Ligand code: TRP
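Listed next as structure tokens is one chain, alone, in the form predicted alone.
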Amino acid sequence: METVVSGIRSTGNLHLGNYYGAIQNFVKMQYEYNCYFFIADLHSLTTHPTPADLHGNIKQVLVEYLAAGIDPEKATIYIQSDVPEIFELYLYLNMNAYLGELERSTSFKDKVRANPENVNAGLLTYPVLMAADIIIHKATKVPVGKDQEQHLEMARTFGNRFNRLYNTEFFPEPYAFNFSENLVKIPGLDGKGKMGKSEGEGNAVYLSDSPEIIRKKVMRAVTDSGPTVENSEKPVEIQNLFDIIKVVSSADTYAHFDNLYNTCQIRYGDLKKQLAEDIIIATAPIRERINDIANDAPYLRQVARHGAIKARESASKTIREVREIIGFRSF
């Protein structure tokens, strides 16, 4: 059975984009692949979270992974920092990662421009840690978006470089993978692009948002003054709302508002009210499970402990063999 690895940074709540774009696929994958889903708390250290924020965010993501349908009996769900073998492989890979290639990383250059006062070594070697996350389990499939494809290419580079340096075929090549052909992309409410935690508070609807918060966020979504010509093309901010409706509402609802738009009769207030209620209905089961799981501390401890044990079984086997290949041997 092929191995799949994927992670989500421990930066707090999951949103509709995470759920419809990735986690629903994770839920399907866990029945057909050997899946490792981790909470990337080490990666989040590049932004210097406080201890309270770090712990709270890890818990929130773990709770929401479980509430969204990840089954710890079917897949291995674990916290990245609970697997110290990742740190060790990260060190070994760093010894053969070169400054020039790390500085050319698109994400590193973007981070430097956005935060020139926080250009730390963790940001520079972020692709190396991501490579360690993947190849520690000798994964061949990695569900990633377009923005992560360069990191995945670098993971192949580091794995292949290790193989060449030590004249082995130990690490397989990992490739991008989507379980379904048509990956759902949820746009943000601000009319600018995809839904995301880093795009601003008003951009995303979180799975844990209360109905009141969802209504407020959706009613503040960006719109224009309305169409003046029948059957005109929708501007981006309006198309974004229709794209979300297509996911969370019925086909009849989408057709109803699409017809109103095409005949210049649409009232955006009505559209937003309907969209908010449909989001509330679509997320209600997850929201209820979030509340139940968040209050079950013994279950969360059990899941985290069980996941760490399973992940370390795989990771420790890899590290033992890597140490032997490199030449670290007991006397």
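Numbering starts at 1 and follows the sequence shown. Note that the structure is predicted; figures quoted are calculated from it, not measured.
There is also a form predicted in complex with tryptophan; it is not shown, and the following applies to it.
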Determine which one of 217-225, 89-97, 132-140, 160-168 lies within 4.5 Å of tryptophan in the predicted bound form, judging by heavy atom distances; exactly one does.
132-140
Among Gln148, Asn120, Asn115, Gln239, just one has a heavy atom within 4.5 Å of tryptophan in the predicted bound form, namely Gln148
Among Lys272, Arg287, His43, Lys59, which has any heavy atom within 4.5 Å of tryptophan in the predicted bound form?
His43
Can Leu207 be called a contact residue for tryptophan in the predicted bound form at 4.5 Å between heavy atoms?
no
Residue contact check: Thr3 to tryptophan in the predicted bound form, 4.5 Å heavy atom
no
Val144: touches tryptophan in the predicted bound form, heavy atom cutoff 4.5 angstroms
yes
For Phe108, is any heavy atom within 4.5 Å of tryptophan in the predicted bound form, or not?
no
Could you pull out the residues of 53-70 that have any heavy atom within 4.5 Å of tryptophan in the predicted bound form?
none
